[in-house]
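Next up is one chain by itself, shown in C-alpha cells, the form predicted alone.
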C-alpha cells in the first residue's frame, strides 16, 4: 500500500543553511532516500519551495479566487513529501521516524487512496 509522508516544521526551527548541522541533516535525507530507493519502496518525493512562493486557489460562486501563501495560517508548514510503498502502517511509521525533520518537526503519514 502506498503511504504519503508529509514533512512539516516551523520555518527556521531546523538547522540553518550553511551550518555543519544543516549539512548533517541533508546527508540524513540523502541516506534515507537512498535507503528507500534501494529497498524498492520509493515512489516519489521532493522538497518544496518556501511558503512565500505558495498560491492558494478557491472557487466560490463559479469564480476562481487566488491568494498568496498557504491555505491556512499555521506555525508548521509543509516542506516536502515522500510516497513509499509499504506493506502496512507499522512499516510506514518506522520509515517516518527515520526522516530527519522528525527530530524537530512532524511527519504526517497517510495512506494513498487507491482509485
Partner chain sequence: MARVRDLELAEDALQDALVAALKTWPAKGVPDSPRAWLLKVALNRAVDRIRRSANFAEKREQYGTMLQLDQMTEPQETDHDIPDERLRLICTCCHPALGEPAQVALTLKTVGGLSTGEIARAFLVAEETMAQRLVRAKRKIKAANIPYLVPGAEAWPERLDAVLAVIYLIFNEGYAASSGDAHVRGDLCREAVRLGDILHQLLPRETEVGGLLALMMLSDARRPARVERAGELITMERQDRRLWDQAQIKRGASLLIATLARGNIGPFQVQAAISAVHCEAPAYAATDWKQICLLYEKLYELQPSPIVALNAAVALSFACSAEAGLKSIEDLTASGELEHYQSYHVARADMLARAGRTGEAADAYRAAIALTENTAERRHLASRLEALNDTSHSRHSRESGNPEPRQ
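Between two forms, the rigid core is defined as the largest C-alpha subset superposing within 1.5 Å. It should be emphasised that the depicted structure is a prediction, and the values quoted were computed from it without experimental measurement. Residue numbers count along the first chain shown, from 1.
Although not depicted, the form predicted in complex with the partner chain is the subject of the following passage.
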Quiz item: Wondering, does residue 31 line up within 4.5 Å of the partner chain in the predicted complex on heavy atoms?
Solution: no
Quiz item: Would residue 35 count as touching the partner chain in the predicted complex under a 4.5 Å heavy atom rule?
Solution: no
Self-check item: Exercise: residue 27 in contact with the partner chain in the predicted complex, heavy atom 4.5 Å
Solution: no
Quiz item: Does residue 47 reach the partner chain in the predicted complex if we count a contact as any heavy atom within 4.5 Å?
Solution: no
Exercise. Any residue of 77-102 with a heavy atom within 4.5 Å of the partner chain in the predicted complex counts; write them all down in order.
Key: 87, 88, 89, 90, 93
Exercise. Take the rigid core as the frame of reference and indicate whether the C-alpha of residue 87 shifts by 2 Å or more between this form and the one not shown.
Key: yes
Quiz item: Honestly, after the rigid core fit, is residue 109 moving at least 2 Å at Cα between this form and the one not shown?
Solution: yes
Quiz item: Is the C-alpha displacement of residue 10 equal to or greater than 2 Å between this form and the one not shown once the rigid core has been superposed?
Solution: no
Quiz item: Considering a change of 3 Å or more, are the Cα atoms of residue 27 and residue 88 closer or farther in the predicted complex than here?
Solution: farther
Exercise. Since the C-alpha distance between residue 90 and residue 28 changes by 3 Å or more in the predicted complex, give its direction relative to the shown form: closer or farther.
Key: farther
